[in-house]
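First, one chain by itself: the form predicted on its own, in structure tokens.
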Amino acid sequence: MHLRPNIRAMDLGPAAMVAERSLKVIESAPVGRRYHRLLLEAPDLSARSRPGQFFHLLCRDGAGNGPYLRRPMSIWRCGAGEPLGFLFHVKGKGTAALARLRAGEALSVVGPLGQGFALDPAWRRILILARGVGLATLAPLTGAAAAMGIAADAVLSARDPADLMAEEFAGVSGASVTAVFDADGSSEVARVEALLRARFAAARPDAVFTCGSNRLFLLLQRLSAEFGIPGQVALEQQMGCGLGMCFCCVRQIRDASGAVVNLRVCAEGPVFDLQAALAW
């Protein structure tokens, strides 16, 4: 297997030195039927974290129970003066252990890790397409865009209204949210495509972003190419070390010449150019 040299790995600058830290839990609370949120006291880490990056969390509850391996978790909340936040689907032993944490207990984290989203100050409007817990990865992008005077238009896809988490997504960013659901068929790819085409015709975005669904990623990739709109995607992938050493998370990505190369999601990603990424 050919592995491309680590050209951009961990190129986050001196302010983003990666280290293991034990952080105090400020809040631990369920969200809807299947999700959970954690807010951690980490002003320095939160300030230097970027939307699209992630942390490697040690999934142990306050009693020390939980699996050995850490779990990669996208940043849900970050920024100067903000707690460091994570929003996740509780579905296995690791996330169940995280959900058992309570305010005042400690959580071991490693990060911030990976390459985050990039915003151009010249942009005036972006469009975000998210599915399920993928909205947690894209949520901090709305606040970062608002701080730069960039309007965010979001289309959020979920099974039904109980799983939407629109408030958790937009926060106080002022992002416009349109919901589509499996329950009423509005999340079908053909209907989402019609919705996006109408949006592009009414107010063409300067860039598009997505995470959380392979079928929606492929749709947005196709439409962004057709309309000539740049885009970025945050890829989801199982990881071992989260630091680029174990090569567990290698995915095929197109380079600038169009050749397919093998890159690590944890180091060269998780955020990639929308046209460079391949379906998973």
Partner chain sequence: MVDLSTRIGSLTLANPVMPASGTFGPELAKVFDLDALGALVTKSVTPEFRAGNPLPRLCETEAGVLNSIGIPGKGLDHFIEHAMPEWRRFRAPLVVSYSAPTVASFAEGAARLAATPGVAAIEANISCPNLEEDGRAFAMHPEPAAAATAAMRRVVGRAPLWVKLSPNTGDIAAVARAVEDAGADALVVANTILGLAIDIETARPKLGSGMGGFSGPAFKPIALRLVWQVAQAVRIPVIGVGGIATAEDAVEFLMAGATAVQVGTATFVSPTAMLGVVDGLRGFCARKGLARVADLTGAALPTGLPRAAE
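Residue numbers count along the first chain shown, from 1. Here the structure is a predicted model, which is why all the values come from computation and not from measurement.
The form predicted together with its partner chain is left out here; the points below concern that form.
Engineer: Taking any heavy atom pair closer than or equal to 4.5 Å as contact, tell me whether V18 reaches its partner chain in the predicted complex.
Structural biologist: Flag for V18 set to yes.
Engineer: Spell out, yes or no, whether the shortest heavy atom distance between F247 and its partner chain in the predicted complex is within 4.5 Å.
Structural biologist: Contact with its partner chain, yes.
Engineer: Although its partner chain is absent from this view, report whether L243 comes within 4.5 Å of it in the predicted complex, heavy atoms only.
Structural biologist: Close contact exists here: in the predicted complex, L243 approaches its partner chain to within 4.5 Å, heavy atoms only.
Engineer: With the partner left out here, check for me: in the predicted complex, does some heavy atom of K91 sit within 4.5 Å of its partner chain?
Structural biologist: Output for K91 is no: heavy atoms all beyond 4.5 Å of its partner chain.
Engineer: Looking at 226 to 234, 213 to 221, 66 to 74, 22 to 30, which lies within 4.5 angstroms of its partner chain in the predicted complex, counting heavy atoms?
Structural biologist: Partner-contacting stretch among the options: 66 to 74.
Engineer: Which one, A42, L58, I253, L39, lies within 4.5 Å of its partner chain in the predicted complex by heavy atoms?
Structural biologist: Among A42, L58, I253, L39, a heavy atom within 4.5 Å of its partner chain in the predicted complex occurs only for L58.
Engineer: Within 4.5 Å of its partner chain in the predicted complex, heavy atoms considered, which of V110, A99, A106, A151?
Structural biologist: After the contact test, the surviving option is V110.
Engineer: Relative to its partner chain in the predicted complex, which residues of 256 to 272 have a heavy atom no more than 4.5 Å away?
Structural biologist: If the 4.5 Å heavy-atom criterion is applied to its partner chain in the predicted complex, 256 to 272 yields N262, R264.
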